[in-house]
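As C-alpha cells, one chain now follows by itself in the form predicted on its own.
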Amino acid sequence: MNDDAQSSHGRLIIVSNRLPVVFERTGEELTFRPGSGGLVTALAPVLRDRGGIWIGWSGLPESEQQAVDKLLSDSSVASGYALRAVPLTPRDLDDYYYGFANEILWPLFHDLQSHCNFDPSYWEAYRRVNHKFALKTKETINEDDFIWIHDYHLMLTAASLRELDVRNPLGFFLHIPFPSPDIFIKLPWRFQVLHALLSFDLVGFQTMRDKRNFVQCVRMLLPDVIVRSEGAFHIMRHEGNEVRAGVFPISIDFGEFERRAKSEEVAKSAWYLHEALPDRQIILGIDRLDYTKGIPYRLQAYRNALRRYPALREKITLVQVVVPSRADIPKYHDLKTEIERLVSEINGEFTLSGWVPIHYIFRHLTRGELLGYYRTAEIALITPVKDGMNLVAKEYIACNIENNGVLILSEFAGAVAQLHRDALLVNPYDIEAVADALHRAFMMDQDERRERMRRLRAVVKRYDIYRWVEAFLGAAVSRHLFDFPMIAEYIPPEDAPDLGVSI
C-alpha cells in the first residue's frame, strides 16, 4: 500500500481513463495545467478537503512516462490533490481505447450495434489495460480509501483489484447509457463484463431506464445472482459480494455557468452575435462529431421546417457547431462529409440576399464563444439519437439568464428524465415532428417561454454537479463504505418519468 498523505480517515481515490490535467511540452520542459469540466470542478473540493488522488492516463506516449511521473511527484494540482499516471503503449490505445471502448462499447451501449467491430484482440487489450489501472491503483491506495472508478473504459478494473486482493470499497459510475438485454447480449463478452460489474460495491447510472436495463441483464444472464429491491436501489448478491445499483443523474456547475453568462465579456459576445444576425431567432445546435448526436436527422428536420413553414424563412438561422472528434476513424470522417453535404444542400436551396439558413462551424469554441452562443440563442435544438445525459441542455438552461429560450430535447437523452415537463420533447427520427417543434418554438409567446425556462432553471439549479457528488458519496455513506460528512441517501425526484423509450 502507498504511504502518500496518511490521514485519520479514508481518502477519495478517483480512477478515470484520463487525468484531469493537460500536459504541455515546450522544448525540454514538461508542464501541466488543470483541465476544465464539471467533474473536475465538483470533485476537487472533496479531494482537497479529505485528501485524495486522481489516477488516469496522462495523454502522453509511454516514452514520456518517466518525465510525467517525476513532474507529478514534485507537484500537485492547484486545488491540492495528487495525480498518478497509468502508462499506455500505442498498442494499448489502438486496441483498448480506439478498439474495444470506441468500436464496441460506445456504439453497443448507444443501441447502434451495426457500428460494432467485435475484434477478439480488442477484448484482450481491454483486459490488459484494465489490469494496468488496477495495478497503479493498488500501489497508490491506503487500506481505508474509497475508490471511485468512472465510465465504460474501466468496467473490469474492480474485478482486477479483487484478484489483487484489494478489499477497499469500490464505486463505479457509468456516464453513458446501459443497453437493454436484447442489445447487451450481442456483446461476446457479456458474462465477463456483468461479473466484473458485480465486483463493485456501488454502481451508479444516469437514469432509471439504465439501472433497470442492468438489473434485467443480471437477472437474465446470471440467474444465480440474488436480486432484491430496497427503496430506490437494487441489491445484487453474488459469491459473497453485495453490489448496490442506484440512479445518480449527473449535472453541471449551475452557479458558475450563470455567473459567467452574466459577465460583461459574454454580454458583449451575445450582442455581437445578434448584431450579425439581426431580426431573427437563432437556433443553436452544439455537438461533438459523433453518430449518436443525430446531426443529419436534425438537418433534415430543419430543411423540412423551411419547406413546410415558409414564414420561417429569413426569420430563423440555425447555428450548428460541430466539435472535431475522432476524425481519423472512417465512420466519423464519413459523418463529417454527410453533415457538410446536407448543410451545402440546404443553404443552396434556401439562401436569399442577406440570409443564409445555416451557419456551420467545425472547430473547438473558446469558453467565451460557447457561453455567448448559449446566452444568445432563442432556441436550443438538442436531438441525439441516444445520450447518457447530454449536459449541453443543462448548460444552455443555466446560461439563459433572460428566461427567453426554448429547449427542444430528444426523448432519447438522459436529461429528459429531469427536463421533460418544460422542454419540447421530440423523437429525432421523426423528421416532421421535429420540424413542427421548431415552428412551435418559434411561435411561442414570451410569457410561455419565460415560465418554461424559469422552471427548467430551477430544476438544474437544484440538482447541480455538487448534488450529484453528494448523492453518490451519500449512498456510499449509507452502506458504511465511506466516511463522508455530507448528505445521507439520494432519492431521485418522484416526478421523473419512465418513458417507454431507451433514454
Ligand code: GDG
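All residue numbers refer to positions in the sequence shown, first residue = 1. All figures in this text were calculated on a predicted structure; none of them were measured in a lab.
Form predicted in complex with the named molecule: not shown, discussed below.
K.L.:
Looking at the named molecule in the model of the complex, do all three of V40, V266 and G372 come within 4.5 Å of it through at least one heavy atom?
P.N.:
No, the whole trio is out of contact, none within 4.5 Å by any heavy atom.
K.L.:
Quick one: which of 227 to 235, 186 to 194, 284 to 292, 87 to 95 gets within 4.5 Å of the named molecule in the model of the complex, going by heavy atoms?
P.N.:
After filtering at 4.5 Å, what remains is 284 to 292.
K.L.:
Against the named molecule in the model of the complex, would H175 count as a contact residue? Criterion: heavy atoms within 4.5 Å.
P.N.:
Contact check for H175: yes, within 4.5 Å of the named molecule in the model of the complex.
K.L.:
Indicate whether I250 is a 4.5 Å heavy atom neighbour of the named molecule in the model of the complex.
P.N.:
Residue-level check for I250: yes, a contact with the named molecule.
K.L.:
Using the partner position in the model of the complex, report whether W106 sits within 4.5 Å of the named molecule, counting heavy atoms only.
P.N.:
Yes - in the model of the complex, heavy atoms of W106 and the named molecule come within 4.5 Å of each other.
K.L.:
Within a 4.5 Å heavy atom cut-off, is T366 in contact with the named molecule in the model of the complex?
P.N.:
Taking the distances in the model of the complex, the answer for T366 is yes, it comes within 4.5 Å of the named molecule.
K.L.:
By the heavy atom within 4.5 Å rule, which residue out of C116, V323, A433, M220 makes contact with the named molecule in the model of the complex?
P.N.:
Among C116, V323, A433, M220, a heavy atom within 4.5 Å of the named molecule in the model of the complex occurs only for V323.
K.L.:
Heavy atom within 4.5 Å of the named molecule in the model of the complex: which of G246, P428, P357, G388?
P.N.:
When the named molecule is considered in the model of the complex, the option within 4.5 Å is G388.
K.L.:
With the partner left out here, which residues of 439 to 474 have a non-hydrogen atom within 4.5 Å of the named molecule in the model of the complex?
P.N.:
Not one residue comes within 4.5 Å of the partner.
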